[in-house]
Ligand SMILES: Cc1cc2nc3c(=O)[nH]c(=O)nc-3n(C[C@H](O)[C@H](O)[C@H](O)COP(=O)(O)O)c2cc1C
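A lone chain, given as C-alpha cells: the form predicted alone.
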C-alpha cells in the first residue's frame, strides 16, 4: 500500500466566505497532505448551496452536484466541518448528506470538526456529527476538532491550542486512514 494515493474529500459546511469553518477544514486537509500522499477534493457548501437547496432527491441532482456527491461516495477518507447553528450542523450540510447513498461510507474514516461562537457548542461534534456518520457506518475518528470565535483573527487560525489540536487530530488520523480497508459498497461497484 506504500504507493497508494488517498482520495481525501473535505466538506466545509459554511455558506459564507471568508469562513472560520473553511479555515479549519483547510488546516486539517493541509495537515493530512504533509503526512500522506493525498488527492484532495474540497467541497465548499457556499459554492453548491444555490443548486443543492433546490434538489429534492438524488435523481434531480444536476451534473455538477452529482460529481460532488460521487466524490464523497468514492473517498478514502473524509474531513467534515460545520458551523454550529442552533446547536447543530446547518440544514444544507445535512441535506448534502441526505443525498449520499446510505451504504457509500461504510468503514470510511471521517475526521469531524465544528466551529461556533463559544466553547458551549463543543459537544456538537459528539452529539450531532458523530451520530450522523454512525448512521452511514463510517469510522468517525476519535479526536474531533472544535474551534470558537476566539481561536481566530480575521478568519485565520490564531490559537496555538487549536493548531495543536489540529496536529493531534491529523497525527491520530494518519494510521487509521492508512489501515482502513475500503468496503466496496454497491454504490462504488456501480461506479467502477
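None of the values given here were measured: they were computed from a predicted structure. Residue numbers count along the first chain shown, from 1.
Omitted from view is the form predicted together with the named molecule, to which the following refers.
### Query
Would residue 146 count as touching the named molecule in the predicted bound form under a 4.5 Å heavy atom rule?
The answer is yes: residue 146 has a heavy atom within 4.5 Å of the named molecule.
### Task
Give a yes/no on whether residue 109 approaches the named molecule to within 4.5 Å in the predicted bound form, heavy atoms considered.
No - in the predicted bound form, heavy atoms of residue 109 and the named molecule never come within 4.5 Å of each other.
### Message
Within 4.5 Å, heavy atoms only: does residue 91 come near the named molecule in the predicted bound form?
### Response
It does not: once the named molecule is placed as it appears in the predicted bound form, residue 91 has no heavy atom within 4.5 Å of it.
### Query
Would residue 84 count as touching the named molecule in the predicted bound form under a 4.5 Å heavy atom rule?
Residue-level check for residue 84: yes, a contact with the named molecule.
### Message
For a quick check, can you give me the residues of 106-145 that have a heavy atom within 4.5 Å of the named molecule in the predicted bound form?
### Response
If the 4.5 Å heavy-atom criterion is applied to the named molecule in the predicted bound form, 106-145 yields 115, 116, 117, 118, 121.
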